[in-house]
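Only one chain is included here, represented as structure tokens and corresponding to the form predicted on its own.
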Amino acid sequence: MTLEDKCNKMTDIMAAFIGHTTVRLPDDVISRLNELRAAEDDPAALSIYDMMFENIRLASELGRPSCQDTGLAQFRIDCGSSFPLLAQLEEILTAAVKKATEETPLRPNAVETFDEINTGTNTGTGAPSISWNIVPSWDGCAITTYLAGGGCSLPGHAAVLMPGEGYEGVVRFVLDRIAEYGPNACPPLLVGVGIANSVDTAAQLSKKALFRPVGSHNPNEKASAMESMLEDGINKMGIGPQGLGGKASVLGVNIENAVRHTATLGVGVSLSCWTHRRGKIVFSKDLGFNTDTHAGFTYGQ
């Protein structure tokens, strides 16, 4: 198989996977929604959950996106230094987004800033968004996809707190943001929190947190305890599904952290709506693949 053939094959697989994640929510999100519905007793909230599951069913049966806002594609790549298509990955993913936009189809959402022109392909300057992690001495490649809608992107916020505000200041920052914007972001939400040195590192980590599975926990015991505390606190706000009240307002809270300067405490918040369209696909060097987010996904296998 030539290099061009390999690039075309990976492009086709990724386009199909992007389309699949647009139509079918990841297994962990569906499982969590079932848990939240089972624990709910508010009639209005139960009605909302029923509509959500009807939406999930129809999207799957009809092969249509689970939300009309199909977002903008974002990717996290954990790629082995020996993966044969490492140098071509950005080109492959851009082509895959264009192909999925046409074939799924995805709603064109990419508007070039200042020019105010919709590219029509969901690609453009800096799009799709890609974050990289190169894994030494590995010949595989793991790609996590995320389709970030406008409603859940609006509440994103980051700041550098005075260190004296401490972790209480972090909690206050997160809760204030959810209280102000949470009902508009189609809850129950997945809340990503980044805690680090500066605005950029905290914001990047808050987005990385959304790529983690629902129900996972930060390996640091104190950070894990804060995840649980924030989840409890946000649920007690009573926002509920679609902001109409209920026991649960979040799918979960994920925290990612890094070192900070002694004089700074950076914090970032990123949200995903209940249609959390995340998918992870892992390629081998011969372009065989598997996914642990969407059981049963196949393409040319």
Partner chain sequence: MTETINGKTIISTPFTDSDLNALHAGDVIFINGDIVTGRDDVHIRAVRENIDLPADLRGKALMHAGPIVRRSSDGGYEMISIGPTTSMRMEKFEYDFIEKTGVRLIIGKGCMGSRTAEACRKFGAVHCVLPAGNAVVGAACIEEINGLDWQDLGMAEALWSLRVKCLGPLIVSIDTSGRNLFEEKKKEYNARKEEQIEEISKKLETIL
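Positions refer to the first chain, counted from 1. Keep in mind it's a predicted model, so treat the numbers as computed, not measured.
One more form of this protein should be noted, the form predicted in complex with the partner chain, which is absent from this view; the next part is about it.
Peer 1: Heavy atom within 4.5 Å of the partner chain in the predicted complex: which of 203, 93, 79, 230?
Peer 2: For this set of options, the contacting one is 230.
Peer 1: Scan 214, 226, 142, 161 and let me know which has any heavy atom within 4.5 Å of the partner chain in the predicted complex.
Peer 2: Contact check passes for 226.
Peer 1: Honest question, do 59, 64 and 242 all end up within 4.5 Å of the partner chain in the predicted complex by heavy atom distance?
Peer 2: Yes, each of 59, 64 and 242 comes within 4.5 Å of the partner chain in the predicted complex.
Peer 1: So in the predicted complex, does any heavy atom of residue 30 sit within 4.5 Å of the partner chain?
Peer 2: Contact check for residue 30: no, nothing within 4.5 Å of the partner chain in the predicted complex.
Peer 1: So in the predicted complex, is the partner chain close enough to residue 183 to count as touching (4.5 Å, heavy atoms)?
Peer 2: So residue 183 counts as contacting the partner chain.
Peer 1: Does the partner chain come within 4.5 Å of any heavy atom of residue 48 in the predicted complex?
Peer 2: Residue 48: contacts the partner chain in the predicted complex.
Peer 1: Does at least one non-hydrogen atom of residue 116 fall within 4.5 angstroms of the partner chain in the predicted complex?
Peer 2: Taking the distances in the predicted complex, the answer for residue 116 is no, it never comes within 4.5 Å of the partner chain.
Peer 1: Just one of 131-139, 83-91, 204-212, 168-176 has residues with a heavy atom within 4.5 Å of the partner chain in the predicted complex, so point it out.
Peer 2: Residues of 168-176 come within 4.5 Å of the partner.
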